[in-house]
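Next up: a single chain in structure tokens, the form predicted alone.
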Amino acid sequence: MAYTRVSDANEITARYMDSILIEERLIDSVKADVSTTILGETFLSPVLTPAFSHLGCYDGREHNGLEEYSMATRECNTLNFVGMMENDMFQKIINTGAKTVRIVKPYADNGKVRDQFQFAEAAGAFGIGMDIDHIFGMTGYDIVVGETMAAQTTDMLRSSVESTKLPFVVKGVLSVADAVKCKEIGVKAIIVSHHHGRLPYAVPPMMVLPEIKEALAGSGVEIFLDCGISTGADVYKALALGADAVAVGRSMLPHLEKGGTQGVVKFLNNVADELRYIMSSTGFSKVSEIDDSALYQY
């Protein structure tokens, strides 16, 4: 077969994920329990929502997409993430009753960063965090919906962590180096991610995950993962390689667009059901027990 050069990190990630196979272990296995503890709270599954931003209303429905999938996470009792938005929109998310982590962009206007963190804490957010993989763009610092981003130093991030009583999550960690820095400044969780392939030839999150897990061993820092996750099998592989919880991404959108809240509920439940099936079929009865012993790579 001729070699085809590919720079698209999403395709590279998909190929890597699909190269990981699962060994079946049935004797003495039991029906698995997919409930898990995330940042001190018990949830019905380790399947997280992505930190989406700027979703409109689909088919003229009353609530926009951000509200709809937030309501789905409340119904499924899973941890919800949202991304770039103004405070009035975040208040609507909180009003859905979903336990939500607000991921704030690294705005050049640091006053806006602090204002959004403070608003989230006052409004009742489950956690807050920053999206560091949106710092740079092709011509310098990124500009997102007219907002210029800024570099984030270790001291700047430490100051953000120390400014809140909420768990602080750093999204966009894709190296041991950044993971260790997050540990040192008191971050409670990281999201291993290349943000849908923003960096050409980015290492697949699952490939670097075991090294990050080893580097953070014993620290108490929880590890989440996203990029290309669409099935329970994907979630299982990530958990086996060291993640504590796993976020679906764009795979959720068709279900959201067509079915709204109930479409997302069905999708999240289907992912969790497949995870349970694979856990049961590989001898793991609890999420906390899963390791990589049933994985093979070809």
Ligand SMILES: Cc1cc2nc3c(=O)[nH]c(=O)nc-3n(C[C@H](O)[C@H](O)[C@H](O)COP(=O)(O)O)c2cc1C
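Because the structure is predicted, anything quoted here is derived from the model rather than measured. We number the residues from 1 along the sequence you see.
The form predicted together with the ligand exists for this protein as well; it is not shown, and the discussion that follows is about that form.
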- prompt: Given that the partner is absent here, does residue 10 sit within 4.5 Å of the ligand in the predicted complex, heavy atoms only?
  reply: yes
- prompt: Would residue 169 show up as a contact with the ligand in the predicted complex if we use heavy atoms at 4.5 Å?
  reply: no
- request: Report whether the minimum heavy atom distance between residue 266 and the ligand in the predicted complex is within 4.5 Å.
  value: no
- prompt: Does the ligand come within 4.5 Å of any heavy atom of residue 232 in the predicted complex?
  reply: no
statement: Here the chain appears without its partner; judged in the predicted complex, the stretch of 81-89, 148-156, 180-188, 110-118 with heavy atoms within 4.5 Å of the ligand is 81-89
query: Within 4.5 Å of the ligand in the predicted complex, heavy atoms considered, which of 29, 53, 37, 270?
result: 53
One residue of 103, 173, 72, 212 in contact with the ligand, assessed in the predicted complex (non-hydrogen atom, 4.5 angstroms): 103
- request: Would you give me the residues of 117-146 that have any heavy atom within 4.5 Å of the ligand in the predicted complex, in order from first to last?
  value: 131
